[in-house]
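Okay, so here's just one chain, in structure tokens, the form predicted alone.
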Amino acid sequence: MEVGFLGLGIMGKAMSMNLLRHGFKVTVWNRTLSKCDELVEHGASIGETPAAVIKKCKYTIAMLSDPSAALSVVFDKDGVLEQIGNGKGYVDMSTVDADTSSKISEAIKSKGGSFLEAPVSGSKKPAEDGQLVILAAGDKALYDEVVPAFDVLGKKSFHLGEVGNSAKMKLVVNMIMGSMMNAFSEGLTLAGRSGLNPSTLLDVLDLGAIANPMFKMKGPSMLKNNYSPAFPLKHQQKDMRLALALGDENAVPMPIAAAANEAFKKARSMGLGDLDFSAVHETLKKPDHSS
């Protein structure tokens, strides 16, 4: 099976590498083309533009950083729309808002192509291990056709109905995750400042009802001030912002998510945006020097 892949950031690189490992023919594109070099060493071909990738491949996957990047790759010069058409499928796995997904879907379908939104739950390690959870919505026939790729990329895929549903589900998941990370950071800091050993707190949490993989994986690194990015904080804050907008649309009060968003914004103002989202922990350590 041959697929195109647009976007080779932390997630896209790991995902396209997985496809190559499992015998897929993959044509890759990235805005900074040098990021394609490592994939080429493992057998990938390079497309000079998104349009070139679409022209070559029946199915193309995109994994981009935010709504503006997702829209740019589709609508700009040499973009997806220049070559998409009958018999071609476009699968956008970026985390965007429902409106962005709908705009892309309408444009792709107007050219005769088929569209699937398919954001994922999981960060760098699950992407490397093929253990993502794939949240798809849109063209069911296209979904059925690309399931072999989804089976390589993830441990489970869902088809959630019409375009927009996946975007909303992903934002809800990431809103919960971001809120939890802030509570976790406060707990680690409170334990330390009140004379407890934060490492013991991790052991206690892991044996109780709120044990979860995120605390287990992130906690030890956070205690060592190691925030190597699996999911960059700037992207988590973007997802909090989009989730809060979804809350506004549906008149859902979200005071906890709003407070978490402010903490992530503070972390970005401290220059932590490119670190892992767990670096929000640092906002509790440093004094606020603003007047």
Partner chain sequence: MTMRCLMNCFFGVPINAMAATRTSSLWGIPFTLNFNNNNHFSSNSRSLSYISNSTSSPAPRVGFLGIGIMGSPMAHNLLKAGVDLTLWNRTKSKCDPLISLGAKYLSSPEEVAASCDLTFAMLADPHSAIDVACGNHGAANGMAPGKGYVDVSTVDVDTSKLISERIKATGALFLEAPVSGSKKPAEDGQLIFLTAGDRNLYETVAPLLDIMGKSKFYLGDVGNGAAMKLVVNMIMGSMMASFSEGLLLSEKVGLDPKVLVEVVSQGAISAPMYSTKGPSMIQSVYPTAFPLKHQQKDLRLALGLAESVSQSTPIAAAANELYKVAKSHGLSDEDFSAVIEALKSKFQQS
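Computed from a prediction, not measured in an experiment: that's the story for all the values here. Numbering follows the first chain given and starts at 1.
There is another form of the same protein, the form predicted in complex with the partner chain; it is not shown, and what comes next is about it.
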task: Identify whether the partner chain in the predicted bound form is within 4.5 Å of every residue in the set Val152, Ser221 and Ala230, based on non-hydrogen atoms.
output: no
field: in the predicted bound form, Thr189 touching the partner chain (heavy atom, 4.5 Å)
entry: yes
query: Could you tell me if Gly112 has a non-hydrogen atom within 4.5 Å of the partner chain in the predicted bound form?
result: no
task: Evaluate Gly247 for contact with the partner chain in the predicted bound form, applying a 4.5 angstroms cut-off between non-hydrogen atoms, and reply yes or no.
output: yes
- prompt: If you check in the predicted bound form, is Lys168 within 4.5 Å of the partner chain, heavy atoms only?
  reply: yes
message: Give me the residue from Ile84, Val91, Ile104, Leu135 that has a heavy atom within 4.5 Å of the partner chain in the predicted bound form.
response: Leu135
- prompt: So which of Ile256, Val40, Leu33, Ala52 gets a non-hydrogen atom within 4.5 Å of the partner chain in the predicted bound form?
  reply: Ile256
- request: Could you tell me which of 160-168, 139-147, 104-112, 70-78 sits within 4.5 Å of the partner chain in the predicted bound form, going by non-hydrogen atoms?
  value: 160-168
query: Using a 4.5 Å cut-off on heavy atoms, which residues of 163-180 contact the partner chain in the predicted bound form?
result: Asn165, Lys168, Met169, Val172, Val173, Met175, Ile176, Met177, Ser179, Met180
